[in-house]
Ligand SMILES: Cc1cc2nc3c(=O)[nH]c(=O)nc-3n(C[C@H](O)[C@H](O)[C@H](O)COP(=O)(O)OP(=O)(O)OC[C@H]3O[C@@H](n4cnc5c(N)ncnc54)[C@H](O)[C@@H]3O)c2cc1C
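Heads up, the chain below is alone and in the form predicted on its own; it's given as structure tokens.
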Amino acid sequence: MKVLFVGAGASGIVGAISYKRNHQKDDVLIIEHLDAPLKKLLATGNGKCNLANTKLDLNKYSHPEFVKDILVEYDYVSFFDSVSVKTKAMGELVYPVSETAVSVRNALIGEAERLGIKINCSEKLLDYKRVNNCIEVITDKDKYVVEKLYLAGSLCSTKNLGSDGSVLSILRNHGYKIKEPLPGLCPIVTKENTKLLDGTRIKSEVSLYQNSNLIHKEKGEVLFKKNGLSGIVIFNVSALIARSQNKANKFVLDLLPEYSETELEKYWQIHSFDGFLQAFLHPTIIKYLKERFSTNEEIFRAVKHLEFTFKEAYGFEFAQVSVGGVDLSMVDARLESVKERNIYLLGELLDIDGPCGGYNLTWAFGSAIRATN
């Protein structure tokens, strides 16, 4: 049997390895439109490659029930051990012991080469079509007739690493139902002016409200930018906003989550108001609060309830994931297309996304293994 994978990213490479291990006599080819495989993997976890999460909460995925069924078979420790990548947990985040994505990339490419999987880089999928009981795959360099086609191309996030959404466009032309992708896990532009705070970091608790309903609360570091906010907690909020679509979104920062209002008010009563601010807040934040609010009472409330209104997300070039993709009704439990036999959709192409912390790589790897077993 001849099998072709489109995309030499996380799901494409792992899918090809998994398939070849299960079907050793089959010819497996990967085509990749970039000049090298696994470029996007190198950027994950700030270059350390956050492979998984020891406390993976499946309810944090966009479609938890679908993900639960797929990931039940995935054991990241066993898989990575089988390609000579030793993993370790740093808190709940899982990294290679080497703490570099380069070692993971080299291990995966090395295993693919050992198995005899061919990788054609700088070759782009243009289309595919049925020819009798086979599939003709048309690229900008060649044509291939294969029995099975695995589509593992990226969507739109981190365009500088090759995500152009071209595979999604092809699937759209083939009649697939698609939820239009939006940027996720990215900074947010706010309606409120934050220029004064640009570059300031603060650990806070962020609460996301949609149409006045509290839907998410998370503690983490917030990085203020000249036109909005960034940081992992903000990235996670941005993905939830993208999932909701067309809802009014605002988020509230508790700048001092470790202190109650009562404790802070007592400190204010004992000291002057300026003394209270000086004792607890960064000077730049004090200046911002004084410029934005008129009275001491308003400033005091803002310390625990600093509101921002969502205007827009930064673009795909700043996004770690695309929120959206091929509708899950288009595939079965083994991720085979319900429209076209022997065509499978993996990883980022599907309408699945998760928060920061190894969730999206777990989905990429796990979906690839499910579709090829």
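For clarity, every value in this text was computed on a predicted model and none was experimentally measured. Note that residue numbering begins at 1 and tracks the sequence as displayed.
The same protein has a further form, the form predicted together with the ligand, not shown here; the description that follows concerns it.
All three of Thr190, Asn249 and Leu306 touching the ligand in the predicted complex at 4.5 Å, heavy atom to heavy atom? Per the other structure, none of Thr190, Asn249 and Leu306 touch the ligand.
Exactly one of Val222, Val167, Leu108, Ala242 has a non-hydrogen atom within 4.5 Å of the ligand in the predicted complex; which residue is it? Result of the distance check: Val167.
With the partner left out here, check for me: in the predicted complex, does some heavy atom of Tyr19 sit within 4.5 Å of the ligand? No, Tyr19 sits far enough from the ligand in the predicted complex that none of its heavy atoms falls within 4.5 Å.
Is the gap between Leu125 and the ligand in the predicted complex 4.5 Å or less for some heavy atom pair? Contact with the ligand, yes.
Please check if Met330 has a heavy atom lying within 4.5 Å of any heavy atom of the ligand in the predicted complex. No, Met330 sits far enough from the ligand in the predicted complex that none of its heavy atoms falls within 4.5 Å.
In the predicted complex, is there a heavy atom of the ligand that lies within 4.5 Å of any heavy atom of Val6, even though the partner is absent here? Yes.
Within 4.5 Å, heavy atoms only, one stretch in 281-289, 213-221, 145-153, 111-119 touches the ligand in the predicted complex. Which? Among the candidates, contact is made by 145-153.
Can you name the residues of 193-217 that have a non-hydrogen atom within 4.5 angstroms of the ligand in the predicted complex? Heavy-atom contacts within 4.5 Å come from no residue here.
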